[in-house]
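Before any questions on how it binds or moves, here is one chain, the form predicted on its own, in structure tokens.
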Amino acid sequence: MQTLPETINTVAELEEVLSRPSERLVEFVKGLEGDIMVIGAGGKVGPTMCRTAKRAIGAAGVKKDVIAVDVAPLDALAKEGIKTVQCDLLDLDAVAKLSKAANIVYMIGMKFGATGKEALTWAINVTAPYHVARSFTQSRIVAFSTGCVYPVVHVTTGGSVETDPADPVGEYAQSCLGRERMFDYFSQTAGERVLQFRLNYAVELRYGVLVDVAAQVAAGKPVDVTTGFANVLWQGDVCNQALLSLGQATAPATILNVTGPETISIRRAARQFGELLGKPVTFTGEENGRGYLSNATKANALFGNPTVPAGTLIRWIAHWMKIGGATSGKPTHFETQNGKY
């Protein structure tokens, strides 16, 4: 087991810790046939996914490529020895020309700014996955989805489980269910092996629910606790679990909730940040006990506990804020319950 640092002080240190492959992933990659293609490698999680896969392959001592695909150039990944491809995923002919990698991690999606751009949201979240699902019927596919396809639930339920019916609120979440249905269709009709990776929420030191809370505390702004509880998972664990999930892809498709085992109190997390940052903490709103909460018991049984627990994340993020570490500046809007992003 790799030792976690007490603090993380640079982007280079952060990227190293984020992209560490687990021992289990290294062993899994040894027996995995074919290359790994990450479609949507230019997003927040995509670069970490590619680096984790490449490091796992290197540690396993096997020969296979990591192929990063996105609409934009991926120069940083190319410099690290990762094959990169630019592709317009809304163009079926372009998608059909991609090399037929045996293993696909599909990560394309549009969330922020969806309100007012509903047509584009549906095109990206439904048309693009249709093109990929149609073109890669012989591949194993881990398709990133979201816990937002479930309805908001009360904290006393313990969170939504995989057998709960989808009931998405708002056009963004509806389009995410549409994305799942495209992969479901080809899984049912063409035997495509798929795992629907319902994630909420990935977090590292530059973005995520906990970063949102810490930033509000650091800036002296009141923390909204209307949505008083959340689930989070260290982005490095997200990537390890996604790559391991290639071994769980089935036809018909399998659903897997992916998040940390804790249900985090936003109020308590804010107070912890206040103590660590030496800042007073104020609140706005009243907890209604509801939110997008997922029960990840199934994933936890498959992959074990996260390597980075919530308490360590809170301490790391507070230190990152203290030293002026860069953040994405893109709030998650985790407090949203009406489906409008």
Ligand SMILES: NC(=O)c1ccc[n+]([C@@H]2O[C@H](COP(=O)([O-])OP(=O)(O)OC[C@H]3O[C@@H](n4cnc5c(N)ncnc54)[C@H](O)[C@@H]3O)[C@@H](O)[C@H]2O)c1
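The first residue of the sequence shown is number 1, and the count goes up from there. If you're wondering where the values come from, they're calculated on a predicted model, not measured in any experiment.
Although it is not shown, the form predicted together with the named molecule is what the next lines describe.
Of the residues given (Val155, Leu90, Ala96, Ala78), Leu90 alone sits with a heavy atom within 4.5 Å of the named molecule in the predicted complex.
Only one of the listed residues (Val71, Ala102, Ala190, Ala218) places a non-hydrogen atom within 4.5 angstroms of the named molecule in the predicted complex, and that residue is Val71. Mapping the unseen interface onto this chain, Tyr172 counts among the residues with a heavy atom inside 4.5 Å of the named molecule in the predicted complex. The named molecule in the predicted complex comes within 4.5 Å of no heavy atom belonging to Arg140. When the named molecule is considered in the predicted complex, Gly43 lines it closely, a heavy atom lying within 4.5 Å. Residue contact check for Gly178: none of its heavy atoms lie within 4.5 Å of the named molecule in the predicted complex. Contact annotation for the candidate site: Val26, Ile36 and Thr52 all lie away from the named molecule in the predicted complex (no heavy atom within 4.5 Å). With the named molecule left out of view, the stretch that reaches within 4.5 Å of it through heavy atoms in the predicted complex is, among 264-272, 180-188, 245-253, 81-89, 81-89.
Contacts between 124-148 and the named molecule, taken as any heavy atom within 4.5 Å in the predicted complex, involve Ile124, Phe144, Ser145, Thr146.
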